[in-house]
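Just one chain follows, in the form predicted on its own, and it is written as structure tokens.
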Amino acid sequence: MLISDVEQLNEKMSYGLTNHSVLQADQVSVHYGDNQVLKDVSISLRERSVYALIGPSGCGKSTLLRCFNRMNDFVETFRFDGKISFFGHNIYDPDIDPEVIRKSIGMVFQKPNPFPASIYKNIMWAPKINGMDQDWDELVETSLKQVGLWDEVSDRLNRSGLELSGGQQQRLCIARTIAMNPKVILMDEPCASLDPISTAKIEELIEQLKEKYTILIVTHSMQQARRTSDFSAFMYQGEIIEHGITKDIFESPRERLTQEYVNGKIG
């Protein structure tokens, strides 16, 4: 039977939670046509923690991130092998509707991409079209407060989200994701196009959000990984070379490649 709504998925998830693992990749390999991008990647993400994927450009970080909510499905040449479990259930099983996965595992992209609509509609549009029954005023206010935007925009909710600064737009996109009540938030270089002040606000927000969500962030900034994450995974040429507690990865890595990367000798 196709799992086609969040309620069905949540019911199944309640029987699948083991060892507080939210997302788990087992022997994941990915090809784009003849090009292999990921090679037997395995990693497990715990509840209410921040994970950073680090490594040089082209090592497979974003591809792995997008596997977790099946965004790569839109690439015609994409081929997936292995297993990814979400609360114990394989998200690539044929009885799982990918759209349900994307509602429960939200995505924030590198470049802020608010809808060309009001701030208010940016928050309530997706929940409404997905049939959520909400007090929309309350949902908008709560979502914006969670990202620290309410005091900045509460007097102009009917103005376009495109009028906001870049940092505000990115926080609006995070609020839009939160409004869907996800379990996991994926972030692909969320501060890459932001100034230092906006970056600091996003990093502070990530620290606050982990009280409720599991967060997986791709970043090229080793300093950002150290500041924001509890756990880090170093990727190189499509493989996870080492993963563990962020402090250990940066201060006492076990693998030579990891040591060379965090010391700036490669990458």
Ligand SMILES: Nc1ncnc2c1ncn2[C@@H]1O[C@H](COP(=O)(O)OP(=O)(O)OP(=O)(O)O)[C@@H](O)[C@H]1O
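Quick caveat: nothing in here was measured; it's all calculated off a predicted structure. Quick note: we count residues from 1 along the sequence shown, nothing fancier.
There is also a form predicted in complex with the ligand; it is not shown, and the following applies to it.
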Legend entry - the ligand contact in the model of the complex: His220, any heavy atom under 4.5 Å: yes
Legend entry - Distance check, Lys61 to the ligand in the model of the complex, heavy atom within 4.5 Å: yes
Legend entry - in the model of the complex, Ser57 touching the ligand (heavy atom, 4.5 Å): yes
Inset, instruction - Spell out, yes or no, whether the shortest heavy atom distance between Val75 and the ligand in the model of the complex is within 4.5 Å. - result: yes
Legend entry - Answer range among 204-212, 44-52, 222-230, 30-38 for contact with the ligand, defined in the model of the complex as heavy atoms within 4.5 Å: 30-38
Legend entry - Residues in 189-208 close to the ligand in the model of the complex, defined by a heavy atom within 4.5 Å, in order: Glu189
